[in-house]
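In the block that follows, a single chain appears as structure tokens, in the form predicted on its own.
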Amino acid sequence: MYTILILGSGGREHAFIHSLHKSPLCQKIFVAPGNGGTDDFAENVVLDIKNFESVAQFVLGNKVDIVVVGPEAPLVEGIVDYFRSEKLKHIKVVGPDAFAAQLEGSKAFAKKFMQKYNIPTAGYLEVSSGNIEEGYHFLDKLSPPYVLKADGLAAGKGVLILNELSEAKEELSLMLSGKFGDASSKVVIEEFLDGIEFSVFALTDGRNYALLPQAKDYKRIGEGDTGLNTGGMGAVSPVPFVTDELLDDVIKSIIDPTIQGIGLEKMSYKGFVFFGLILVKGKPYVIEYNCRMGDPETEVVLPRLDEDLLSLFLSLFDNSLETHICQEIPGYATTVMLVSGGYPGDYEKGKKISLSDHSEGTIFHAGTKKSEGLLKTEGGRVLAVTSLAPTMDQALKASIGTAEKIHFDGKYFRRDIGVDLKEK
């Protein structure tokens, strides 16, 4: 029997808890810091997850066996490396070390990795203050729109897509001058790829991997994919246009060489690889790697995984992952994200949430807290409503039906998640 600590506070972490608590191998789950819904099957604990010493003290004091790292920042900052000390090395940590986490933490590192292992991606140039003129010349050769990416983690705000050359050059200068802090001390200029995006997920021990269900998420705040980018307004799994032939191409041209590259670079990697992909004229390209699961994708991927998630995690550490072929629950999963009024701009917190007792599907909490005996809003993205059904239409109808029964001031959600996929 295993005691687990999950680090994070969003819908992704709630989905982890929802899956892990079902395992017959699971004894107890802690989550730090958790949210207003994670205490259904876990114990919320107050911890600064970037303070690795505090995390380690809690792990040792509570006889935790496995640490599952939800968000990217602790991975990029080296929590896996910290747990290599003599007194902590018996703890199993799900995630890559800091060197491997650069696949997400540094756009330039990821691009060099893809170039080295012949993984299809957009053409690019890495620019710093020392070669800004070269950056201007590279932009001159491109056709609009122009893509500028801060090299480091910028809380999801470090990617600019611009239509005017003059604006792109001005923004390049501003980014290198600190627009996104240290994250944009280097900038990657990319060729724009025009296509449809989707995501594929793998769990790897650094040599072998098991594929999880694929998904497509929706980033824009407005219906019809309009308005500002968000952390994600909903997701669908599986992706109807991802045929067996396309998935085979993704495996051969992207996933296999990525995992082989991880091994050849001697990366310590026991966790998730998130492949953010785009389909351009029938060919898949990598837009980005993430070194953890996405949110809200986790809320549709895990509900479709017909596996003991805890056993899968354990297989990362006992060389048995290669024997796993993940089984999927047939049909579709859709999730619809309920957000606070004003999001992704300014929004108010502390709005009372009323949940219906007669709702379909599963409600994963993202930005909620319990205060004075009431459930209240605490973040921009508040709740993710996930439904499983034989068809995407049925699943989406169930998710929207439940979303309509949930009430808090300023509630907003998209009703068109997955609608574009009917035409693909």
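Numbering starts at 1 and runs along the sequence shown. All figures in this text were calculated on a predicted structure; none of them were measured in a lab.
Unshown form predicted together with a small molecule; subsequent notes refer to it.
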property	result
Stretch in contact, per heavy atom within 4.5 angstroms of the small molecule in the predicted complex, of 301-309, 177-185, 326-334, 146-154	146-154
In the predicted complex, the residue from L125, V159, V76, L321 that sits within 4.5 Å of the small molecule by heavy atoms	V159
Candidate from E223, E191, E265, E164 lying within 4.5 Å of the small molecule in the predicted complex - any heavy atom	E191
Heavy atom of K112 within 4.5 Å of the small molecule in the predicted complex	no
The small molecule contact in the predicted complex: K219, any heavy atom under 4.5 Å	yes
4.5 Å heavy atom contact, E197 to the small molecule in the predicted complex	yes
Partner proximity in the predicted complex: D81 to the small molecule, non-hydrogen atom cutoff 4.5 Å	no
